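Take a look at this single chain in structure tokens; it is the form predicted alone.
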């Protein structure tokens, strides 16, 4: 469904992504692992057109979307849950959800998607009139995911969904991601929490300093263990 082919992205003269190639098959959960500064968020920004690659291609559903306007790219069916959640703090839960549906003109469909969000996250239903800025980090993450789903995306990009959350909340969020995938949503999961992400992912890539240094393209225990070992070696080396 989504493919990056030899993508080279730079900020000015500083290279950030160096010939990155990633495949996200339809129906899969694909994780992109790496520490802070590895280039993970730049990968999302390149997919979305916030940053134009110097070379290489971004292909979505068979179409080359490299260099297209962000609005055009998102309307093709890409939903985004940004790092840090970025909810609108002075707007209510329901108003945040309506922002996610701004491109939809079907009021019935909007109402249906809001109810789906409340079914997915009952806590949001309880707080529908509460300002998003007064909610906990976990509740805001639930809202950010629900807002992204309001446009019925074909693929969901999640940038560090576990960041800053308590372990029990992280489990709930990951369970929800697995459920969404089971219901048909393709997922690209950007994470530092490599072991947790690999538990649920069908395939994974490890990024270091803008390069893919290891990958697991088969959903087998052996392939995942090899990527976990590479992830552990990488983080052990950084700790030293």
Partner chain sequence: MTIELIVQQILNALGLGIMYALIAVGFTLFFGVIEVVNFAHGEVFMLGAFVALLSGGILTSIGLTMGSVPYFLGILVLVLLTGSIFGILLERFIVRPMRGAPDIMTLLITLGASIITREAVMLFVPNGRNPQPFPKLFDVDSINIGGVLIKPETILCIILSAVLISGLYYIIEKTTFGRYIRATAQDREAAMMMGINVKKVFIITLALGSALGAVAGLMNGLSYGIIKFNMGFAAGIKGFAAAVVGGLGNVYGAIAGGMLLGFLEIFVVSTVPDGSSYQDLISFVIVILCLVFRPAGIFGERAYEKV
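Here the structure is a predicted model, which is why all the values come from computation and not from measurement. Residue numbers count along the first chain shown, from 1.
Form predicted in complex with the partner chain: not shown, discussed below.
The partner chain is not shown here, and in the model of the complex it never comes within 4.5 Å of any heavy atom of residue 155. Remark: residue 147 counts among the residues lining the partner chain in the model of the complex, judged by a heavy atom distance of 4.5 Å or less. Although the partner is absent here, residue 161 sits far enough away that none of its heavy atoms falls within 4.5 Å of the partner chain in the model of the complex. In the model of the complex, no heavy atom of residue 77 sits within 4.5 Å of the partner chain. Judged by heavy atoms within 4.5 Å of the partner chain in the model of the complex, the contact stretch among the candidates 134 to 142, 118 to 126, 163 to 171, 96 to 104 is 96 to 104.
Contacts to the partner chain in the model of the complex (heavy atom within 4.5 Å) from stretch 42 to 67: 48, 50.
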